[in-house]
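Next up: just one chain, as structure tokens, the form predicted on its own.
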Amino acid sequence: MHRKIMDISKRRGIMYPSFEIYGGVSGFYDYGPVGSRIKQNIESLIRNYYVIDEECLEVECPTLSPEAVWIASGHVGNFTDLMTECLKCGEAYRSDHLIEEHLKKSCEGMHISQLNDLIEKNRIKCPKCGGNLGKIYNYNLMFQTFVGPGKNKESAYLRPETAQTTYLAFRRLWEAARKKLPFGVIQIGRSFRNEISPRQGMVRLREFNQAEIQFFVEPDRKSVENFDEVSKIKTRVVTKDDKEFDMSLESAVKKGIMKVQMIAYFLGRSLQLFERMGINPKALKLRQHKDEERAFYSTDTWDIEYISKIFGKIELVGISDRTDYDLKAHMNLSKQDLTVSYEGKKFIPHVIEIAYGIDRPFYCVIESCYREEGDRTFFKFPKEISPYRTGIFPLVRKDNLPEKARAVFELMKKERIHAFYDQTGSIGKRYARADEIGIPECVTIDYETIEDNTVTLRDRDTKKQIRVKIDELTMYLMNKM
């Protein structure tokens, strides 16, 4: 399945490894012209939900930040993975992943000494050359660089998350939010992590896309007025002590499994978003981070995981109670006051963070929507995720049909409907190509069009065809969004 998905993705301009003509570099992927559209549609779905429905502010900040930012946040000292290197060939490995692959058991929460013992006792060698492995050490995942020339250059890092760059402008955002709590801020952009040995395609990248939302709240008010809109959603819930339940979000909150209602609310909204993207809801589950796994800034974190047929567990979103850790840390180092006076109280706001990847949901949409029916292979994308709303095809390349088809295509452009024009090859091959990139419906201009100004509209999923008048076509397509 993975080979077939990647074959279509490369041939049809969905995604492919970067720098191919130079042999490629692991952890980097290009989005082709089709994939870029799908990715933008995923981003738009997330953006519209948080900016319109949740009334979030949106910001865009630099990807490069001075070192002080990451000292304050704790990333310089704590943003590490455990690494070992082959003493013979120099190949680097993330030690816990290497041991897990060898022993087929989890190493979650283990310390360096425990992992070193496992390597030694089980005589684990370098998978590449069979050489001995060196002692494990902490490896910082941030890309470091410098700003400015000469002796006055300043140490800086490419951001490993967008959250910190949002926190830095808190005073200005507080003003923009009219000094009311809670308020949310979304930032969609690039982040960078110098992963040790990325080997899972788009699941683990060194340069990747995020949509992170920070909700600034009162420390003792982490509830949501409209929780009832998601409270009845039932799903698989896995707690930090590995207990599994099929239950509603309402039950999870009432039983104290989810202690912060706001976390439960955004888990529910995220489940709805992923289903709208086309991700199979039956492949999703909610998992609470174990104490030893949870990030240093969080008091409670829940992930939504997709169970991939190819890669196993894939984290799609992490929702955390970051308390006042970040604002307090930046206030202490910068000496700038980040407290607020609100309803007669003075305090540092707490943060509930919703951190989406974009690339991982993109891959999970691709996998979830992949279909094989007989000799036909296609992607069953929802209309709002599909790279094009429709395809426009003349039946043949003669008898004025291409000119008529171009006129219909121009009509789509005028109405701002993203359409795809194709007149190469037989109509059957064009349908197959459109199906392969998930176009939901295609319009064929045929000889009947010349007579009565109607076109054939073919459905991707059922292959059924109907006749629609050209002057009603744009309204018909927009109403079916």
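When you see a residue number, it is the position in the sequence shown, counting from 1. Keep in mind that what you see is a predicted model, and the values were worked out from it rather than measured.
The discussion below concerns the form predicted together with glycyl-adenosine-5'-phosphate (GAP), not included here.
glycyl-adenosine-5'-phosphate (GAP) is not drawn, but in the predicted bound form it has a heavy atom within 4.5 Å of Q210. Looking at Y356, you'd find a heavy atom of it within 4.5 angstroms of glycyl-adenosine-5'-phosphate (GAP) in the predicted bound form.
Contact annotation for F378: none of its heavy atoms lies within 4.5 Å of glycyl-adenosine-5'-phosphate (GAP) in the predicted bound form. Remark: I279 does not count among the residues lining glycyl-adenosine-5'-phosphate (GAP) in the predicted bound form, judged by a heavy atom distance of 4.5 Å or less. Taken together, E161, Y297 and R360 are fully in contact with glycyl-adenosine-5'-phosphate (GAP) in the predicted bound form: each brings a heavy atom within 4.5 Å. When you look in the predicted bound form, the only residue of M83, L273, L316, I188 with a non-hydrogen atom within 4.5 Å of glycyl-adenosine-5'-phosphate (GAP) is L316.
With the partner omitted from this view, the residue of K404, R322, H330, K222 that lies near glycyl-adenosine-5'-phosphate (GAP) in the predicted bound form is R322 [heavy atom within 4.5 Å].
Note on the interface: of 121-129, 198-206, 265-273, 332-340, the segment with non-hydrogen atoms within 4.5 angstroms of glycyl-adenosine-5'-phosphate (GAP) in the predicted bound form is 198-206.
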